[in-house]
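What follows is one chain in structure tokens, specifically the form predicted alone.
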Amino acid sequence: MNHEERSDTRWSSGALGLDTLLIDGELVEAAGGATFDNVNPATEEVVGVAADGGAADMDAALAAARQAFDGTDWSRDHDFRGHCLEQLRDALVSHHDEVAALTTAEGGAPAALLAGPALVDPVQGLSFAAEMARGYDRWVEDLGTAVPVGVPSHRWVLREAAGVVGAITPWNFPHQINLAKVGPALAAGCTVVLKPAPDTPWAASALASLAAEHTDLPPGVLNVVTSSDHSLGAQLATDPRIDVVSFTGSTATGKAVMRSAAEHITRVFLELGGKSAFLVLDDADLQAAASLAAVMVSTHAGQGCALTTRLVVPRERYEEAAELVAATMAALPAGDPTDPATICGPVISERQRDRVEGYLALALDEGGEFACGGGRSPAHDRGWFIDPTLVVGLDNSARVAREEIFGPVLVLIAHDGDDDAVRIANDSPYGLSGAVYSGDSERAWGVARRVRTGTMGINGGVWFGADVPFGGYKASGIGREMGREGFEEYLEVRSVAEAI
């Protein structure tokens, strides 16, 4: 459906300003008053507008962030930073209902997810950021005395804020990713320019509105520039006023960001794609494993980089696994994201739906079959819905088993023992996450340690949390987000010695 055919059902934003930018402490219109439509992926309706920032707006935001870092005490006042982060957390909590509603309206996030990783969990994660601002114990490390090159000296290692951070975020879990960058960066004493994805601008606009109106953040410390222009983030990667680029998105775009940042030797953090494997060993409870794998890949229509999208099962139980997964998926059809029972809502856009359908066609071309699903949901005549799909009959060499689809698509692959399962898991350009299921904990640990990924769940264990570092090996990225390690991504290290 093209733009002209969509109805124009406006969504009330309540007290939140969703059509402004945050620049130098002020909520302002984009240059020339430009706006762009925000479209509900479940209905294809225009639900409102966001400010359409351009190069001049981004330049103003960068100037404000640079001045706030260079010209204020923000980077040195640890207690004040903790105070501001707690204010931001409390403002998000007090406006939960409005923020939750806009998250579903613009991004199709199922209501069930908002009580966890889509909203509540990342907001509470600001408490961890505030604790790091106040309680980090490595700002100054005393290395004692030594006599290098004959000069008696006392040595210290100092850690301090890295500077101005350019944060570029995607649309799939906007609150989680926005806050996983903004929280630690501000806690470390950096200033931030946030450029969110055009598909979910309101999540960032709400953050900007609450920061401006309900916190003591000094002008320029946090700047938010929404835009319909996907390429505007490149300005952050190429501008010499930026000290760190923090990017989450596709591996292809991450490579482009890295190339651009190289011009000024700008530090980069990259959290990129994944094609994670769920390994089921021959002593596992197959029904429990199959059900969990089906639910995980169906959640939020499979739009999660760390979701396990390859299910690797013993060859002798392949058909049984297919039946179990298909039965679970059949009970999880794509549905209205405002319904509390829905876990698989729409994909974010018509473009993304077409991309997923292209991969489903490719699966058939490669010789695969669909044990369930396989295309658009017949239950919806509007919205970008794809039913959870299980692809069978392919091995790990198939493109649908190697490339990130970002839809509710699971590929079932057979293995011939633990060594073969590990080989299949590691036979991927990615290394973001994974899972192992076994009736023997020691055996599961042994397999998990051999899989080269940044995160791993064992027998249903959940690693996700504000205090847990997240990131990947290989093409899945560089660095870690969240946890102590994620906080330290925004620090510089200085060595100092005084002659004694």
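Quick caveat: nothing in here was measured; it's all calculated off a predicted structure. Don't overthink the numbering: it's just position in the shown sequence, from 1.
The following text describes the form predicted together with a small molecule, which does not appear among the structures shown.
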Residue stretch of 109 to 117, 193 to 201, 390 to 398, 80 to 88 approaching the small molecule in the predicted bound form, non-hydrogen atom distance within 4.5 Å: 193 to 201
Of the options F278, F128, W74, W171, which one has a non-hydrogen atom that comes within 4.5 Å of the small molecule in the predicted bound form? W171
Answer with one of G163, P314, G368, G249: the residue that has a non-hydrogen atom within 4.5 Å of the small molecule in the predicted bound form. G249
Does each of D57, V182 and R241 have at least one heavy atom within 4.5 Å of the small molecule in the predicted bound form? no
Do L410 and the small molecule come within 4.5 Å of each other in the predicted bound form, heavy atoms counted? no
So in the predicted bound form, does A256 come within 4.5 Å of the small molecule, heavy atom to heavy atom? yes
Taking the small molecule as it sits in the predicted bound form, is Y437 in contact with it (heavy atom to heavy atom, 4.5 Å or less)? no
Heavy atom to heavy atom, is A234 within 4.5 Å of the small molecule in the predicted bound form? yes
